[in-house]
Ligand code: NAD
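Have a look below at one chain only, the form predicted on its own, in structure tokens format.
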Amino acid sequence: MPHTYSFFQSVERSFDKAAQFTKWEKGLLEQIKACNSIYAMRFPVKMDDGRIEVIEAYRVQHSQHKAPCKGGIRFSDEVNQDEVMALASLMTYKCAIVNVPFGGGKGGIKIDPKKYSTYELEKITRRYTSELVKKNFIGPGIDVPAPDYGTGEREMAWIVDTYASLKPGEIDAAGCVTGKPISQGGVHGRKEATGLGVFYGIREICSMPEIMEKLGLSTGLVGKTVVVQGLGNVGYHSARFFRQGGAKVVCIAEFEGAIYNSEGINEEALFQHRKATGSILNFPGATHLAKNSDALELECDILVPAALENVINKDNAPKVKAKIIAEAANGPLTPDADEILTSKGALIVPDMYLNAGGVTVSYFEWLKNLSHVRYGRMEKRFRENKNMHILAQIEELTGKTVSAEERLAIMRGADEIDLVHSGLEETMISATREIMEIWKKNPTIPDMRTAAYVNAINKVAISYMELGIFP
């Protein structure tokens, strides 16, 4: 067996490892594993200087056991068909684990967005969207993209505008893509969703006494030391929620270097420092590590790789000392690193479930677009009036009054962001418990990733069976 796997082969390897712990017939497992539709396209775009460039792009729909398909679009010069297939298949399993009723999809455009003007990026994005429309590869009931590396709200706004202009009168057009600006039908809480999901998942694991005992750690998150690799959207928000949750973020690494402070680092102050100086280095009160990759090998309770794929491999895995590795990025561990760390007794909390906060909140945005009403609009005032009435009754009966601050907290009805965060918390806690339950029931399952795959395979297989695809 070759030691270097393509990304898609790594996913298939994890799938096969888990499939042996399920009862499903081989043919059904082959269907779940296969990518249903692969659309590889080439299209010309006229650049600002008048030359024509042929753009390479992809959209993969891995599974239609639930509709629509769901998954981001990345702009990167590393994009290739294998990577898009792997990410689409991970989306299928991710959605199944967190009970979001989508099949997996993924898209990619092979460009380095830094090398193009805004106008050129807009032309590329709009042309890509029209190619997807042409082949029926996008739509609120067909396939719903979202942001990924190199894309954000701006690109999603271009996509929804192009789609709506090509589908006049489609009342649910806003649901063709998620991660949009709020003014275009986006949802509050989407930006921090992945980092917050990572926090909720790890917090739940840290509250499980038998797991913590096995790792030689105390129960609860308070006082745990955390190392975060990456200060992008996911890394920044993970660090923020861990700090607010009582853990100590002792080290943050970025491509220019890594900084350490045993007393903890404030991610917002560091973010502002980096904005001002262009680097995380020379941050007041922190020391530098010799090289940024040393952060991965520090003594800590929780390591959060929140940047790139394959940062922990067979070479550095033996030196990783963290008890819990929280995969906030997609595929930060190679299959070899996985085996090395598991044999050392570390708990690897797998990406396919831990970073599902983004797709969970995307699901809430899609529901909002289909219902054409923002969360909280119908019940916020009703709740506030009800709470005010209950409080008045209690004060009258007890003869005591609460402080003005307490009064506001008790009376307050839920805003959209409160409901989104609450829905995400519920999703991550339920998913964590489901995976741990499967693992507990079958102790021969070697690790949490395999237990997560078993959970995903079972749910997708049941969907296929109920659809009557395999009578």
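Computed from a prediction, not measured in an experiment: that's the story for all the values here. In this text, residue numbers run from 1 along the sequence as written.
This next part talks about the form predicted together with nicotinamide-adenine-dinucleotide (NAD), which is not shown.
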Cys95, heavy atom within 4.5 angstroms of nicotinamide-adenine-dinucleotide (NAD) in the predicted bound form: no
Ala329: touches nicotinamide-adenine-dinucleotide (NAD) in the predicted bound form, heavy atom cutoff 4.5 angstroms: yes
Heavy atom of Gly232 within 4.5 Å of nicotinamide-adenine-dinucleotide (NAD) in the predicted bound form: yes
Non-hydrogen atom contact Ala306 with nicotinamide-adenine-dinucleotide (NAD) in the predicted bound form at 4.5 angstroms: yes
Answer option from Ile159, Leu333, Ile109, Ala253, heavy atom within 4.5 Å of nicotinamide-adenine-dinucleotide (NAD) in the predicted bound form: Ala253
Selected contact from Lys134, His288, Lys344, Arg274, since only one has a non-hydrogen atom within 4.5 angstroms of nicotinamide-adenine-dinucleotide (NAD) in the predicted bound form: Arg274
Among 97-105, 383-391, 306-314, 210-218, the region lying within 4.5 Å of nicotinamide-adenine-dinucleotide (NAD) in the predicted bound form by heavy atom distance: 306-314
Residues from 184-207 in contact with nicotinamide-adenine-dinucleotide (NAD) (non-hydrogen atom within 4.5 Å) in the predicted bound form: Thr194
